[in-house]
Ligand code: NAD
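Only one chain is given next, in structure tokens, and it is the form predicted alone.
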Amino acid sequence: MSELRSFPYLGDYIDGAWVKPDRPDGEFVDTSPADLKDEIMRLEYRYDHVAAATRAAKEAFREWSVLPAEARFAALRRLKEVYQSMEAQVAEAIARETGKPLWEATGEAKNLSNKIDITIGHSVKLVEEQKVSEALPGVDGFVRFRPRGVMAVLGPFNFPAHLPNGHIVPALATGNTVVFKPSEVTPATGQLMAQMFEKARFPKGVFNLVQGVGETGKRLCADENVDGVLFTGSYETGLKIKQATMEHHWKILALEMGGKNATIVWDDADLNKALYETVQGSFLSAGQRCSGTSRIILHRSIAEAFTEKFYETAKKLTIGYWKDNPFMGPLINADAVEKYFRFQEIAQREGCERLMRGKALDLDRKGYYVTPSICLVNEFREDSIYQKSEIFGPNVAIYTVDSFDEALRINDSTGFGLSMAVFSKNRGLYEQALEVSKVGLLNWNRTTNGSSSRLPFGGRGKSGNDRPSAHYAVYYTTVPVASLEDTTPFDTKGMPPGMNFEPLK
């Protein structure tokens, strides 16, 4: 492990060069949530760098979009080699900036190269040319998928490399160019990604990086040169992106906006498996996962035993500094801590019983460390603020029900619809959930957390806008172009009445 050091701020990466603001519009400091004395990077930003980056991407699109696919894939394979050579460095940056344990950050760093393999070897097959014989009598039809143009990618803090990479790689593979804005709390990881693209020798302007704050992202979304906005983050920010692009009807928006995910554990479930999977689903990444489990719905007959064991296990989870490889690190910042405590108070005011109180931890390294919390919901209320809100912290609400229909009604009550899990040996119950539940991911005997890049990933309602990422990302990075190709000689027999067309002699 290398010694911790500050990252030298290189500036924005525009048109194949690093550019620092000559007259910055603002500045900020990137500090680790795991150790407030660990200053990672000091940054300056300039708003007009956004326009410079989108112009560079638009110009680069002219050549990148018409390259043979194999030429683009060759560039991505070079990037894969760079990703693999820098895994340890990327993992350390992720761990420092997010506070997540090193073992978890290392898994994220390894996923970067895996995404390239899956995209090239699996996903691009979805957008291969399709021939439709006799689309019209005597005329064949074709569907060809063309790149859209300049894709703006706005990254989240919780997976600052993996999630933007999940947009960037499919966009580039299908012929688009990219302007990437990292979260303002994970800028060093974003800078490292740009350095890796530079090291992989991508053509100028194909990949660009702009650093900044919320206003920077707003300007990027609203830029006239941007043809699509690919976003992972909160519902509130996704809504602002929608509003910022209301007059730009041509822009594709792929918005993944969090969840309030439920796990149903039924009376015939393998309780040990359900407990293990649900503890992980609830508290991995300190609950800062869009697919994390924030509600557990239990059949009354197993509720007492499950809840007691769940509570005992949650109390034993290790919490600490990322280098020590605990189970759980800190929350991302002071605002997240304040929200976490505020919603525990809201839960109590609304009649929930506090089984385990989340509290701040005073560790050797000062950071935003908190313990898990568990609330027992004595009454399901569709108007409850606590029961409907995404907290994005290690809090879980436990419900007790008598019927599966009641469990499904609770699941669909929040307006979110990302992920859901059912633990039962009865496949019929799982299939019933598949038929009626308004979610984009439904797992059987497995946690809500995690996903496969070989499957679509996206939510419904407040969780997304019906443009799933992962395997399906190639659909929103392309436009299907239909063609009718008529190779038959001209025939006068098909002329309509009254045309009186005389062929050339």
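Computed from a predicted model, the values in this text were never measured in an experiment. Sequential numbering from 1, following the sequence displayed.
This next part talks about the form predicted in complex with the ligand, which is not shown.
Interface membership of residue 418, the ligand in the predicted bound form, 4.5 Å heavy atom rule: Because a heavy atom of residue 418 falls inside 4.5 Å of the ligand in the predicted bound form, the answer is yes.
Contact flag, residue 158 vs the ligand in the predicted bound form, heavy atom cut 4.5 Å: Yes, contact at 4.5 Å.
Interface membership of residue 170, the ligand in the predicted bound form, 4.5 Å heavy atom rule: Outside the cut-off, so no.
Residue 97, heavy atom within 4.5 angstroms of the ligand in the predicted bound form: No, residue 97 sits far enough from the ligand in the predicted bound form that none of its heavy atoms falls within 4.5 Å.
Among the candidates 126, 213, 360, 275, the residue which, in the predicted bound form, approaches the ligand to within 4.5 Å (heavy atoms): Of 126, 213, 360, 275, the residue with a heavy atom within 4.5 Å of the ligand in the predicted bound form is 213.
In the predicted bound form, the one of 45, 457, 64, 475 near the ligand [non-hydrogen atom within 4.5 angstroms]: Contact residue from the list: 457.
Location of the ligand contact in the predicted bound form, chosen stretch of 238 to 246, 380 to 388, 430 to 438, 97 to 105 [non-hydrogen atom, 4.5 Å]: Checking each option against the 4.5 Å cut-off leaves 238 to 246.
Every residue of 176, 193 and 206 near the ligand in the predicted bound form, heavy atom within 4.5 Å: Looking in the predicted bound form, the three residues 176, 193 and 206 all stay beyond 4.5 Å of the ligand (heavy atoms).
Heavy atom contacts to the ligand in the predicted bound form at 4.5 Å, residues of 271 to 287 in sequence order: Sequence-ordered list is empty.
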